[in-house]
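In the form predicted alone, a lone chain appears below as structure tokens.
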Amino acid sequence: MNSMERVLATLSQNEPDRVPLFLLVSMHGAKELGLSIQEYFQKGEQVADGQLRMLKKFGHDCLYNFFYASLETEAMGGQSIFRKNGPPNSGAPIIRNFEDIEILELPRPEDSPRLLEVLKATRLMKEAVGDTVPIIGVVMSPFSLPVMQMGFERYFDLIFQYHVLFQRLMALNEEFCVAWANAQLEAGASAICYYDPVASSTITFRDDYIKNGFDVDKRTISRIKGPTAIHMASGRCLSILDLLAQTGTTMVGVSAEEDLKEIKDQSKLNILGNLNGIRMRNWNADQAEANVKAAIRAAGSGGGFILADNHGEIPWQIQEETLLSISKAVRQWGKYPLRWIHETTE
């Protein structure tokens, strides 16, 4: 099986030849090309080259067009703060006062030079692999994007005190998110990773999500013209699994803080996760193998499971040797049928 066949089989709740592996290495291509993180993300052709090199080196099952989260707010007039050894952070909020929402206008993706670089990278990757490897596009959900647009504290004040302005911001963000997701699909992305950490129970109570974010997610996902995976970006999701299944998404990204087997037993969705990207920094080969085996034991049986990190962005500090050990362990222990699960509990 090639990677696309493997992933499609597991998403159909069937067992392919082995458990698919997504190494979501957004920054490691910069190391490969000898560039700083900031230099690397300036050109779509560099990101495409880096992703293709990572695919060849680690032998995993996807390409990832993700640059960094604050790229979306850059397109809206914001700035990103770059670091030497990690992902960029958002600069000053583009919404400084609640009144700014009344006059806010969001750009079309095709009018943003920065977003056009993502589309260029996507097209180049598609030209290189065709339909043999899934290409994962990325959007920030309308419900979570305001954290970068206006900051956590001001956003929560908006949700609970300024309902009319909250609804206006959601409407603007929904239009942007749908257009941006569909532009990536048109450029060659196979599916969209829909990051929604504010929806997670780590940040939002279930009742508040039902009241404020659930309908936003349902409306937005229904208009995206391809499969989606809701990713909590390390946030917990067990208490809202039933709601996420009603959004129309096909997969959920799972936190390392939750029991993967419990998620698998209760979820109607396919599962992505949940290797701990922070602890991964200190893994040796034996520890990488043990964590891969534990995840496969918990969720691998019957398909419906893709092994990945828990956050959706493998830290810059993770060494190549660790990623190679993970890939090797998946090939050894992820072959279907998983008879070893019933033969040993080591």
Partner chain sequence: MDQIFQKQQKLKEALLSLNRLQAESISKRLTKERDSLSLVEEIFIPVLEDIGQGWEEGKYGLSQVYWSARFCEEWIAQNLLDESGTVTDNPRMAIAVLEDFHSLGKTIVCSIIRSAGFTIEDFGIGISASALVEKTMEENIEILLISTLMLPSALSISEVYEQFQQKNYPVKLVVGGAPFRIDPDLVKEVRADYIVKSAADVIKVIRSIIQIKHSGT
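Please read all numbers here as calculations on a predicted model, not as lab measurements. Residue numbers count along the first chain shown, from 1.
There is another form of the same protein, the form predicted together with its partner chain; it is not shown, and what comes next is about it.
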Applying a 4.5 Å heavy atom distance criterion, does G302 contact its partner chain in the predicted complex? no
R83, heavy atom within 4.5 angstroms of its partner chain in the predicted complex: yes
Contact with its partner chain in the predicted complex for Y162, defined as at least one heavy atom pair within 4.5 Å: yes or no? no
Does at least one non-hydrogen atom of A285 fall within 4.5 angstroms of its partner chain in the predicted complex? no
Quick one: from S141, N270, S234, T249, grab the residue that has a heavy atom within 4.5 Å of its partner chain in the predicted complex. S234
Assert contact residue (its partner chain, in the predicted complex, non-hydrogen atom within 4.5 Å, options T204, T73, N173, S112) equals T204
Within 4.5 Å of its partner chain in the predicted complex by heavy atoms, the stretch out of 115-123, 234-242, 101-109, 220-228 is 234-242
Could you tell me if all three of E32, N291 and W333 have a heavy atom no more than 4.5 Å from its partner chain in the predicted complex? no
Since the partner is left out here, which residues of 275-297 would have a heavy atom within 4.5 Å of its partner chain in the predicted complex? N276, I278, R279, R281, N282
